[in-house]
Every structure is written in structure tokens, then in C-alpha cells.
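What follows is one chain in C-alpha cells, specifically the form predicted alone.
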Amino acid sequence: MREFVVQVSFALYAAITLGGAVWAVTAKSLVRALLGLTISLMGVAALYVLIAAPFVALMQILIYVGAVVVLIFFAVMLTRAQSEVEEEGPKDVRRLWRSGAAGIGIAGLLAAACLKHGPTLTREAVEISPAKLGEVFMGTYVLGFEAISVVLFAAMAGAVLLAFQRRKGR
């Protein structure tokens, strides 16, 4: 019975994640695309909970939903002046097909790489304390964390700069 519940939960969370991603890619409005992205990221967080990684799920929500999506939302709102004209244009069907084919191709490559080189699956989740996880992240991967902060700062500074340039142009 437990296995069935896990499989149904996985199917539900995967459907939420993929549905949000498709909505994010196909939405005409940037705000709706952001909503789709948020739903997709929340689905990924639910998948982390399903594989017994609640700390990673919490970080997924705090970092991606709480910081990255809010930052993108601010950037969209600050640079929104000319985007409304672009959003109302007709959909390019060939572009959608190319995007779908590229997405399926990338997913196939990732699946092949995971099947060939991925770790062996165990039935029991390995417990890693948040303190140990923090030691690894702040020791071995500290350069990655600093790079992420620089990217977020550059995105915010770029959005503010674009907004100021458009206001001067009016």
C-alpha cells in the first residue's frame, strides 16, 4: 500500500512540475509564465520531500521560489514598459515545436546519462544532518554559492539599469 501511495504521489508531483513548466513556456503573459515557473519549482520541492530530503525541499522553496522568482518578478515589473507589445503578438508554432523537441532531446540525454552513470538506488534514504550539509556547502562548494550571489546581484542591477534607461528615453 505504501508503495502505491508513493507512486501516485510521484505521478501527481511530476504532473504538477511538468504542467507548471509547460505553462511557463507557453504563457503569453510574463506574469503568468512566472506563476507557471513558481508552480513547477514547488512541484520539484514536493519531489524532494518525496525522496526524504526535506532540507533540500526547504532550500528549494526559500532560494528558488522565495528569492529567484521574486527577483525575476521585480525585473519583469521594472522592465515591463515595452514587453506588453511583444506579449500580444501571434504565437510562432514552429518555435513551439522546436522548443518541445529541444526539451525532449535534453531530457533524453539526461535520462541516458543518469541510467548509465547515475548512482545505484537504495530503498532507504541516507540521513545527512543539516550541519554536515552546511559544512560541505560552505567548504567545498563555497565558490558556487558566491557565484550565485553575484548572478542574482547582476540580474537585479541590470533590471534597475534597464528601467532607468527606459524612463530617460520617454
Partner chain sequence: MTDFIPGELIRLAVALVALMGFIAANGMMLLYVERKVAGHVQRRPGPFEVGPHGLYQALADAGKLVGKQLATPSGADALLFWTAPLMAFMPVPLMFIAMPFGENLWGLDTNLGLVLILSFAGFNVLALCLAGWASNNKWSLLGASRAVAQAVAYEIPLLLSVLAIALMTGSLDLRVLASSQGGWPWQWNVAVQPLAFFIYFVCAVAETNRAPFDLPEAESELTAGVHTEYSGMGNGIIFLAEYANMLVVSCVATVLFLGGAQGPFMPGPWWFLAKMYALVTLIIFMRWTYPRVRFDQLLNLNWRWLMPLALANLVLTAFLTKLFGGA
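C-alpha atoms forming the largest set that superposes within 1.5 Å between two forms make up the rigid core. In this text, all values refer to a predicted model and were calculated from it rather than measured experimentally. Numbering follows the first chain given and starts at 1.
The same protein has a further form, the form predicted in complex with its partner chain, not shown here; the description that follows concerns it.
Residue contact check for F4: one or more of its heavy atoms lie within 4.5 Å of its partner chain in the model of the complex. Using a 4.5 angstroms threshold between heavy atoms, V126 stays clear of its partner chain in the model of the complex. Looking at L50, you'd find every heavy atom of it more than 4.5 angstroms from its partner chain in the model of the complex.
Using a 4.5 Å cutoff between non-hydrogen atoms, A46 does not count as a contact of its partner chain in the model of the complex. Note on the interface: of 141-149, 97-105, 25-33, 111-119, the segment with non-hydrogen atoms within 4.5 angstroms of its partner chain in the model of the complex is 25-33. Taking its partner chain as it sits in the model of the complex, the stretch 45-63 comes within 4.5 angstroms of it through a non-hydrogen atom at P54, F55, L58, M59, I61, L62. Here M138 counts as shifted, since its C-alpha moves by at least 2 Å between this form and the one not shown after the core is aligned. In the core-superposed comparison between this form and the one not shown, the C-alpha atom of M156 has shifted by at least 2 angstroms.
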